[in-house]
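Just one chain follows, in the form predicted alone, and it is written as structure tokens.
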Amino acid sequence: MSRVVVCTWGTSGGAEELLTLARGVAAGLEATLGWVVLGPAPHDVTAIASRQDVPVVDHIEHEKLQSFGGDVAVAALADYVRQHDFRVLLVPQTFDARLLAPRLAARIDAGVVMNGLGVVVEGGALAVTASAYGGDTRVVYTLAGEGRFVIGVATSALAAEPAPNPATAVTRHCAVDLAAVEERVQVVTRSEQTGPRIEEADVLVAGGRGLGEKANYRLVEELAEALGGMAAASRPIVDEGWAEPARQVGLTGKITRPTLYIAAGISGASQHMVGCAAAKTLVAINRDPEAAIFRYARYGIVGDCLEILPALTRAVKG
């Protein structure tokens, strides 16, 4: 029987959501479900696997996998595939996944789709909904045939649900040969962020091109401070230098899960929405009543964010 396998590394963030998706794909393909962990395993790996009805977790542990490196990770998984084949490999859509998934697919002669938002089985084939053209639209790829496929999926668009019949999971240690593998790119100076991170914020106020100019980003920061939250940004204004890259929300930025997300002057491209779709309450402010962001928002304000942001800040401060 073929296998549908989830591959993660580092922390367990997003693993349970991806395993929930994989469980449905495995059922549709009449395949078994597996989970392979690269490097140090999360402390709750067995508990997660049990909830998701994964009977065996394959743990690839090696001194060269203590931190993520593209060359070592690709070699480790390629060696693993030679021992434990699969039909579908799902990875969380992260920066590291962009280094890993396409290269692994080329190494093992597999098809690859990145920027996935969902995967279903239709007529025995895989249908992958993905973000395309910089997040401006969505496409559906049909993956037919019996070959292998590697798929990167944004886990923020998914929900974790326990299996109806949880398993009693066990961990199997898998040996790989990495003696001859060395990283060709070395990190000389690593960028470090201190203080709070937008991924952990309970309240986010994000600004987009509707702010007009860099000086107006302070309106976002002032409302965020009044609400006890953090300021965030869309990719276009980060590219323009209006906000730091660490503030960027979206497919190529940070994936957030706040209780409250206020989007000011943001159009609502799918690339951005991937980064905030898991917000419990989304409030949109935009002058264009037809802006795509209003399709996602629980509350919408049609108007100029340069007028509305200061008004909201005054109201919050009382």
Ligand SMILES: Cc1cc2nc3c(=O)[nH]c(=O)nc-3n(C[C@H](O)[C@H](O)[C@H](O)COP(=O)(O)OP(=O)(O)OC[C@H]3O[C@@H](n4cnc5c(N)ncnc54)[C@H](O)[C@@H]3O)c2cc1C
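Everything quoted here is computed from the prediction, not taken from an experiment. Throughout, we count residues from 1 along the sequence that is shown. Take the two forms, superpose them, and find the largest set of C-alpha atoms that agree within 1.5 Å; that set is the rigid core.
There is another form of this protein, the form predicted together with this ligand, and it is not shown here; the text below is about that form.
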Exercise for review: For the three residues Gly14, Val45 and His59, verify that every one has a non-hydrogen atom within 4.5 Å of this ligand in the predicted bound form; reply yes or no.
Suggested key: no
Practice item. Could you tell me which stretch in 48 to 56, 27 to 35, 247 to 255, 64 to 72 has residues with non-hydrogen atoms within 4.5 Å of this ligand in the predicted bound form? Key: 247 to 255
Practice item. May I ask you to state whether Cys305 is within 4.5 Å of this ligand in the predicted bound form, using heavy atom distances? Key: yes
Check your understanding: Hey, in the predicted bound form, does Gly111 get a heavy atom within 4.5 angstroms of this ligand?
Key -> no
Exercise for review: Decide whether Ile262 counts as a contact residue for this ligand in the predicted bound form under a heavy atom distance cut-off of 4.5 Å.
Suggested key: no
Check your understanding: Closest heavy atom of Ala279 to this ligand in the predicted bound form, within 4.5 Å or not?
Key -> no
Check your understanding: Which residue, Lys214, Arg98, Arg209, Arg172, has a heavy atom that falls within 4.5 Å of this ligand in the predicted bound form?
Key -> Arg209
Review point. What are the residues of 273 to 304, in order along the chain, with a heavy atom within 4.5 Å of this ligand in the predicted bound form?
Key: Ile285, Asn286, Arg287, Asp288, Ala291, Gly303, Asp304
Check your understanding: Taking the rigid core as the frame, does Gly212 move its C-alpha by 2 Å or more between this form and the one not shown?
Key -> yes
Check your understanding: Rigid core fitted, is the C-alpha displacement of Gly268 between this form and the one not shown 2 Å or more?
Key -> yes
Review point. Superposing on the rigid core, does the Cα of Trp242 end up 2 Å or more away between this form and the one not shown?
Key: yes
